[in-house]
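Single chain ahead, written as C-alpha cells, the form predicted on its own.
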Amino acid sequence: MTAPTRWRTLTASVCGAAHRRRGLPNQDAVRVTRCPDHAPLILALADGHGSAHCFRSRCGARLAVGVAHLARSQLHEPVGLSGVRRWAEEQLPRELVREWRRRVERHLAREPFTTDELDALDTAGRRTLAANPFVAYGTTLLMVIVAPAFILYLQLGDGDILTVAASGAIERPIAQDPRLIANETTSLCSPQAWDEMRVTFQALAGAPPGLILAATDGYANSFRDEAGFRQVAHDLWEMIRGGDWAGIERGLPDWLHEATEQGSGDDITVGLLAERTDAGPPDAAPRLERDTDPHERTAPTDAA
C-alpha cells in the first residue's frame, strides 16, 4: 500500500433560489465520515427528488448519507485490492439499498403517512405509493471513499464528481449517464436500485488526485455548458495550489448562492476533498463521524 495521504475536506449546502421563493426547504444532505489511524474517508451527498410524489425526500436524503458509513467495516478487512473492488462492485450497492430501505421502513413505522400528505396526491400518485412506499423518500446518492491505496466512487442518479490531477487535468471518474435527461433520474426508491448504481474503483499506483469535487446536480445545471462547470474545479485547484484554502472556506457558500440565483434555482450541495501535502498542525482527537446539516453554510474538516 502507498503511504497514507492526509486530506482536507469542506462541505457547503444552500437552499435553491426557486425553493426559497416557494417556501420549500433544502432537499439535499451531505455527510463526511472519518476514522482515526488513516482509515478510509467517506464523503456522501444526496439530493431528495422533492416532487409531489416524493414528499418525504428531504428525510430520504438524510437517511441516504447516513448509511454511507456501512462501507467502513468491510474496508478495514485485509481482503486486498481485488477483494475490495469485487465487494464494492457486487455487494456494496445492495447493502446500501437494503439499509436505506430498512431505515425508511423504521421511520415510516414511527411516522405513518398523514391524511394531509395523501390528500395532496392524485389517484395515480396514491397507487404509486401503495405499490412502492419508498417513492415518498426518493433520493439520489453520491459517494467518494478515499483510502491509502485506492479511491472508490459510487453514484446513483444525477449529480457530478470531478477530479483534478496535480497537472491540472480534469476528469470524470464516473461518466455521465445518458439516460438522465430533464428531471428523469435513477433513485434509491427504484425497485432494483442496486442495479442502477455505477461504481468506479481506482487503485492508487501513484499520486492521488489533488482535488475531488462532488456536487448535486443543481451546481452543474447552473452553468451554460460542461466547460463552465469544469472551470470551477480548475479555479478551486488553482486556489488550493496557491495556498488559499481559507479563501475557499469563506467564499464557497456565497458562490453557491450566486450559482442557484443566476442558474438552476435548485438546491446545491458541494463536497471537496483536497490532498494535503503540508504537515500542518497535529489533528485534534479523532472523531468517527462528521454529520453536516443541509442548512449549515460550511463545514471544514481535516482528515487523515
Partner chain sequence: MAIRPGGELATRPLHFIWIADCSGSMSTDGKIQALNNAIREALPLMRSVADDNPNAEVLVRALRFSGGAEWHVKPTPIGEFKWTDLRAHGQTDLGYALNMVAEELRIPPMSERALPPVLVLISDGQPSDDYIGGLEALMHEPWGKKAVRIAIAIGEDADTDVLQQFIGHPDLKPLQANNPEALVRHIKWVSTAVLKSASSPASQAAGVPLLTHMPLPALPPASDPTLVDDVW
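Computed from a predicted structure; not experimentally measured. Positions refer to the first chain, counted from 1.
Keep in mind that the form predicted together with the partner chain is missing from the display, and what follows is about it.
**Student:** Quick one: does residue 158 come within 4.5 Å of the partner chain in the predicted complex, counting heavy atoms only?
**Tutor:** Output for residue 158 is yes: heavy atoms within 4.5 Å of the partner chain.
**Student:** Does any part of residue 238 reach within 4.5 Å of the partner chain in the predicted complex? Heavy atoms only, please.
**Tutor:** The answer is no: residue 238 has no heavy atom within 4.5 Å of the partner chain.
**Student:** How about residue 113 - does it come within 4.5 Å of the partner chain in the predicted complex, if we only consider non-hydrogen atoms?
**Tutor:** It does not: once the partner chain is placed as it appears in the predicted complex, residue 113 has no heavy atom within 4.5 Å of it.
**Student:** May I ask you to state whether residue 185 is within 4.5 Å of the partner chain in the predicted complex, using heavy atom distances?
**Tutor:** So residue 185 counts as contacting the partner chain.
**Student:** Heavy atom within 4.5 Å of the partner chain in the predicted complex: which of 31, 58, 34, 53 fits that? Just give me the one.
**Tutor:** Here the answer is residue option 53.
**Student:** Looking at the partner chain in the predicted complex, is some heavy atom of each of 18, 179 and 221 within 4.5 Å of it?
**Tutor:** Checked in the predicted complex: all three residues contact the partner chain.
**Student:** Picking from 145-153, 105-113, 160-168, 126-134, which part of the chain touches the partner chain in the predicted complex when contact means heavy atoms within 4.5 Å?
**Tutor:** Flagged stretch: 126-134.
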